[in-house]
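Encoded as structure tokens, the following chain is the form predicted alone, with no partner shown.
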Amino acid sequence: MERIVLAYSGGLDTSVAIPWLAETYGAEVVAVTMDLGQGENLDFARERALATGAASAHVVDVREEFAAGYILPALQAGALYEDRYPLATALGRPLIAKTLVEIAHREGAGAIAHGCTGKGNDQVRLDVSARALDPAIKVYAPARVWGMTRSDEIEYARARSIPVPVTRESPYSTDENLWGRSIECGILEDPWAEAPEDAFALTRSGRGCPDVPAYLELAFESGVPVAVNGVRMPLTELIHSVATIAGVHGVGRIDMVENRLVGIKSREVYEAPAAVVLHAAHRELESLVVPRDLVRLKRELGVRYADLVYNGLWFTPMRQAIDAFVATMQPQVTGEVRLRLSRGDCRVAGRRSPFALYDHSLATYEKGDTFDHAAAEGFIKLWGLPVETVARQSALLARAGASAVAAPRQATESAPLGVAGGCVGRCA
């Protein structure tokens, strides 16, 4: 009998997937629920999976691995898809695929399964990641092929006496983990409509924010955030702490029309308070300690990195190569950044580092200025020499062109009587 390892959330789709896979493929189903920091009590998942017909069920805490092995590299790479989305959902998918494959190997299963539909990006991320880790493994996606509506799924479950998860009906489809939350569907499918307040769960609206701004000091060591307002803490705890503070001040809401991998434009709303703040802080500290040309090259690679993550290409040589490049820059990304949070706005208020390339004695216009002003004239002369050379040649070319135009005109004006317009003698 075939064994299939299913990524099990405990919701309706994956609960129905357990008997559907068993009936359709004559398989035993092993349910795996993963804690990526979504803030839910997952103790119910194992019992529900077994009650729904799973042969066995696992609950796996992957928060530490998610933070250190996926969130941190993306933060250090400056990976923001289309300059805004910090990739919370996308970053979780390769880890989910990796965990499924590992458990499949342990359970002697030749296949994995997930609850993704045929329209989104996640199916690509999970399928491609799984096959990158084990090219021989089979991947099933029941929701991609069964053709059932939500009502059909409920009836399917009831006909088999399967306990249907009872939840408050929501007009939105959401996904949440330690790095952020995505919200889709309902009124959000109209790109002209403002996102309603009931779509948000991690951030306050402007009216609900405190009147007094908050100042947040983040300390980094070799590119890793290690302390908030002087208090050192593990990375997962730090992300949660920053998210709480930023969310209270309304920071972290993102509303965008993004280009999905499957070829459609989609209006997406995200909440990512920790990601927005930590990206701003890391980018600012990096600008303080890294030379200009290297910063610009790294930011170009950050765009490529974001595309790789978004497009499901985490387990690729390109991503590994960019990680290696970024790692060479991180030792000097050490210091503190102070940010001002107020009614949805996050601004850098200060930055310092023992490795700063900013030199006050060179930058100041006051007493203590050590910049060699006398050297500026010669520098400007040499810097502008190519511009001067082009300008001289352009003027010479312009004069030559004017002379060439004037010469035929003079010849025409001085031609003998009766010679004009190409005629000799009388022209009719």
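Predicted, not measured: the structure shown is a model, and the values here were computed from it. In case it trips you up, residue 1 is the first one in the sequence shown, and so on.
The same protein has a further form, the form predicted in complex with a small molecule, not shown here; the description that follows concerns it.
- A residue is said to contact a partner when one of its heavy atoms sits within 4.5 Å of a partner heavy atom; residue 85 meets this definition for the small molecule in the predicted bound form.
- Interface residue remark: residue 229 is not counted as part of the site for the small molecule in the predicted bound form, having no heavy atom within 4.5 Å.
- By the criterion of a heavy atom within 4.5 Å, residue 127 is excluded from the residues contacting the small molecule in the predicted bound form.
- Interface membership of residue 122, defined by any non-hydrogen atom within 4.5 Å of the small molecule in the predicted bound form, is confirmed.
- The candidate spot formed by 89, 173 and 258 lies fully in contact with the small molecule in the predicted bound form, as each residue has a heavy atom within 4.5 Å of it.
- None of 297 to 305, 199 to 207, 182 to 190, 271 to 279 except one has non-hydrogen atoms within 4.5 angstroms of the small molecule in the predicted bound form; the exception is 182 to 190.
- Checked against the small molecule in the predicted bound form, the candidates 140, 156, 310, 220 yield a single residue with a heavy atom inside 4.5 Å, and that residue is 310.
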